[in-house]
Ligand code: MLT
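First, one chain by itself in structure tokens, the form predicted on its own.
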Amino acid sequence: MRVDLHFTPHQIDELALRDKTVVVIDVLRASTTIASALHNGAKEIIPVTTVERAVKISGNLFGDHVLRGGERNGKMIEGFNLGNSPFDYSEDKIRGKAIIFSSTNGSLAIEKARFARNVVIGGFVNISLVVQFIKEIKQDFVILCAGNNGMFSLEDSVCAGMLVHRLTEEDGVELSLSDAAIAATVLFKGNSKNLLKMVKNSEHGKYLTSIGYADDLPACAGVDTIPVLPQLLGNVIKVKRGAEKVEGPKVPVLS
């Protein structure tokens, strides 16, 4: 399998991803939050890139069954029901509801992948499910990191490297890596012993801490804590059925 990797979505045209398999990674925090919302019973996530689009779509749907979630510069958007903290998406708030979701970086990365054949959303929290998915489809794939406002993101790149590294350890999997994929693997190996420390020391991790979201960092750095694989189907994100369980120890999921 050929593995390509983009450290941000800003330098790639969406048509370049047409008919490809894409793994979108936004560790802080869209990947974690979307997985948490779906695990806690959200019906679906509808990703959009602008606040105006979120307001328009939610106005055309059924009021009490639709929530608006997301952030700008890490903070909940004024007039929205939820922010981009995984702890906002508790079962009592979101079970059975559709969520219009707009984040600074993650939504853009997902939007760039909209013409791809397969799109899944991964992070540390569901990394084994992503590995399992890639191993099963046996196709070339692209890792698309959300980055940080168009810039390189350490935590996304380390997570991408973790994905590549784990695939190299799978029996029967042979990979051909782009230079970016090799670089991400090196980054992972240098940070693998303490992912939480890496996340806390990252630029965006420090920023989230400064605006009051330090508690989100351990949740986002947890490995295999949320046993769902979000998949983009058309314009909505839903749980990929048959990918809810992975063998091995589990850590309690977010609630």
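Counting begins at 1, following the sequence as shown. Everything quoted here is computed from the prediction, not taken from an experiment.
What comes next is about the form predicted together with this ligand, which does not appear here.
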Tell me which stretch of 200-208, 184-192, 221-229, 43-51 has a heavy atom within 4.5 angstroms of this ligand in the model of the complex. 200-208
Using a 4.5 Å heavy atom cut-off, state whether A30 contacts this ligand in the model of the complex. yes
Exercise: G123 in contact with this ligand in the model of the complex, heavy atom 4.5 Å: no
Does the 4.5 Å heavy atom contact test between S157 and this ligand in the model of the complex come out positive? no
Contact test in the model of the complex: T104 vs this ligand, heavy atoms, 4.5 Å: yes
May I ask you to list the residues of 149-183 that have any heavy atom within 4.5 angstroms of this ligand in the model of the complex, in sequence order? none
